[in-house]
Every structure is written in C-alpha cells, then in structure tokens.
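This document starts with one chain, in the form predicted alone, laid out as structure tokens.
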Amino acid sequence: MQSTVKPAIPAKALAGRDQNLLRLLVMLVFVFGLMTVLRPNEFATLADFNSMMRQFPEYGIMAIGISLTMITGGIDLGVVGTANLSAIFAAKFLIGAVPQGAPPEQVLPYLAAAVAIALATGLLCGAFAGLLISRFRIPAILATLGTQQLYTGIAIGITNGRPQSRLPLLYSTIGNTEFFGFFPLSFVIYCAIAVGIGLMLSRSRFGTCMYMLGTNAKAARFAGLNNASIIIRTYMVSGILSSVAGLIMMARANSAKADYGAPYTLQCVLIAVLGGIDPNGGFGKITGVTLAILILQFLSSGLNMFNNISNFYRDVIWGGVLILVLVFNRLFSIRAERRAVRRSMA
C-alpha cells in the first residue's frame, strides 16, 4: 500500500551542501579572474560571452539529465546516443516531408512535428534504459553503456554514417535566434530547464522520492515508494532532456550525425560530480551543476585562446580534473563524517 505521508528529504542530503556551493563560487571567480588576467583582450568580452552561451547549453542540458539519474543512485551514459538518434529521426522527417521551396508558414507545422518526434524518441530511449535497470536489475552503468552503443549503432545504420543535412533553413534560423540581439535561444532553453528541474527536485513529491531512492533504496521501498516507477520516470526525463540537447545540436550544425558530441559524456559526468552530485546517490542540486558548467566553460574557452595547447590534451585535462574532484569530495566526506562522530560522542 502506498504511503500517504510525504517523505522529507533526508538531513544527510542537505548537510554540508552549502559549503560545496561556496567552494564552487570561489572556483568560478578564480577561473574567471585567471582567464581575464591571462587574456584580457579576448576573454570576458561581449562576443566571448555570446559564444559561450551558444556552446554550453547542449552539453549542459545532458549534464542535468545525468545528474538526475545519479541522484537516484544510477547513471545515464547513453545521453549522447539518445541526443543524436532523436536529432536524426527529426532530421530525416524534415528532409523527407518538407516540400522544396515551401514558405515559412507551411514549414512551421513540420518543424513542430519534428520536435515532437525527437522528444518522443528521447522519452522511449529513456524508458527503455529505465526498464533495463529497474525490471531486469542490470547495473545502470552497464545498461546505459549498452543503450549508448545500441542507439549509436541504429543511428549509423539508418544514415550509413553520413550527416543528415539539407534541413529547412527556417529550423536553423529559429534555433539560432537571439533575444535582444545577445541571448541565444539555446541559452534561454537551458535556463528554463535548469529552473524547472531545480523546482521539481526541491518542491515536488517526485523530487523528494528521487532523493530518498538514492539515499537508501531499501528504506524507500519499505516507506511505500515504487522504486521501479521512480527509476523509469527519472530515465525518461533524462531521455527527454537528451533529445532537447540533440535538437539544439542539430540547429547549431544545421545537420544531424551519429557521432556529434562524442566527447560530451565524460564532460557531463565531470560536471555532475564537480557540481556536488554524489555518485552514490541521494545528494545534489541543479545550482551546483550550473556553477560547474560555467567553471568548465570558462576554462574551455580560456584554453581555446592558447594556441600552444593542443585540443588533444582536452580529454587528459577533463579526466584529471574528474579524478581530483572525486578524491577531494571523498576527503571532504570523510572529514564531515569524523566531525559528526565527534559531535555525537561529545
């Protein structure tokens, strides 16, 4: 029987998280200040800010999806495959359905249908991953590695590995719209998603159940929660977010391809961990994830301004940062646990 009492977020999930946000703010100011000093005429300009606002939403939205699954104690490594497959289905529909030379008012319904196809694809991909994890008890990391390969393979198979271009110009025009001549539509979409997901986690019963599941799955089940339903719904949300990211990538490149955004998986995991999402589940806020996105975007944009730093070193840098963050987070966790033990014994 389902419990009628709304469970509270465990105190452990809230303890010490403000300190993590403070550390992220300090890190953000440090990286921003360092890059501004090193490249005063290139970094921190309006053109650079506009460029950064165009770059981070596509992987930032996927990072939010991964963060949600990590809060429940899992992980979604199939976000890039879901994003590309969703974009390819939408692109193939547009290429095949929109008449050549059709006026904008005639193209708009096709664009709406393509967006719906992409979102439905993301929803189904997420539901499939959630089903594998919740019903067949496959570990999340293995299930989503499998779905990543599956979705990428399907995308390559239906496109023969070629990019799907010749999209209606109106799609790219709308997708690259700037509000007030400065804020890209993709940035506005990211902000809306970040606020919406943040409110869902902090204000809704579903968000509370996600934290409870990630903190202790057995206790959540005994509290009357349907763990399988929560997992499936969480991965469905992640799938929808991935499809949104895929639509944004398609608008930026005016095409869709099976291997777009291949390096994003590692970056998204790094963002989630750096942003304070506990890999073991039960902890994390979207505010921290957003700060982590800005830190890595500032760092990435700054590194692009140094011609002597090869792009081949990017994965080395991201991997090293991820390991350092995991080590530091573990050290902080051990320190907090020791303090709690000393206080309980006092």
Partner chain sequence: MISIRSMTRRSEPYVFAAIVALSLLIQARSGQFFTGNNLVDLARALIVPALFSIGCMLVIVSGGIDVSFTAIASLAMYVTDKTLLASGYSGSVLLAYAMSGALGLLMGALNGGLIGFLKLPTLVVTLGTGSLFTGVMYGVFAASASDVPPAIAAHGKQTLFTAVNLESGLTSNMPSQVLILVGALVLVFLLIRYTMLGRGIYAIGGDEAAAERAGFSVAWIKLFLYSFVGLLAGITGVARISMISYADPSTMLGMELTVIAAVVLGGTRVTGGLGTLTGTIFGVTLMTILANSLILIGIPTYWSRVFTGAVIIVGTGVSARQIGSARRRVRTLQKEA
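Residue numbers count along the first chain shown, from 1. It should be emphasised that the depicted structure is a prediction, and the values quoted were computed from it without experimental measurement. Rigid core (definition): largest C-alpha set, two forms, superposition within 1.5 Å.
One more form of this protein should be noted, the form predicted in complex with its partner chain, which is absent from this view; the next part is about it.
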property	result
Output flag, Gly161, Val273 and Trp318 jointly within 4.5 Å of its partner chain in the predicted complex, heavy atom basis	yes
Heavy atom contact within 4.5 Å of its partner chain in the predicted complex, the stretch among 177 to 185, 247 to 255, 104 to 112, 261 to 269	261 to 269
Interface membership of Leu142, its partner chain in the predicted complex, 4.5 Å heavy atom rule	yes
Distance check, Arg135 to its partner chain in the predicted complex, heavy atom within 4.5 Å	yes
Close approach of Thr152 to its partner chain in the predicted complex, 4.5 Å, heavy atom	yes
Contact label in the predicted complex: Ile156 to its partner chain, heavy atom within 4.5 Å	yes
Residue (of Tyr313, Phe49, Phe30, Phe306) lying close to its partner chain in the predicted complex, criterion heavy atoms within 4.5 Å	Tyr313
Rigid core superposition, Leu294 Cα moves 2 angstroms or more between this form and the one not shown	no
Rigid core superposed: Leu324 CA moves 2 Å or more between this form and the one not shown	yes
Closer or farther: C-alpha pair Ile141/Val325 in the predicted complex, relative to this form, given a change of 3 Å or more	farther
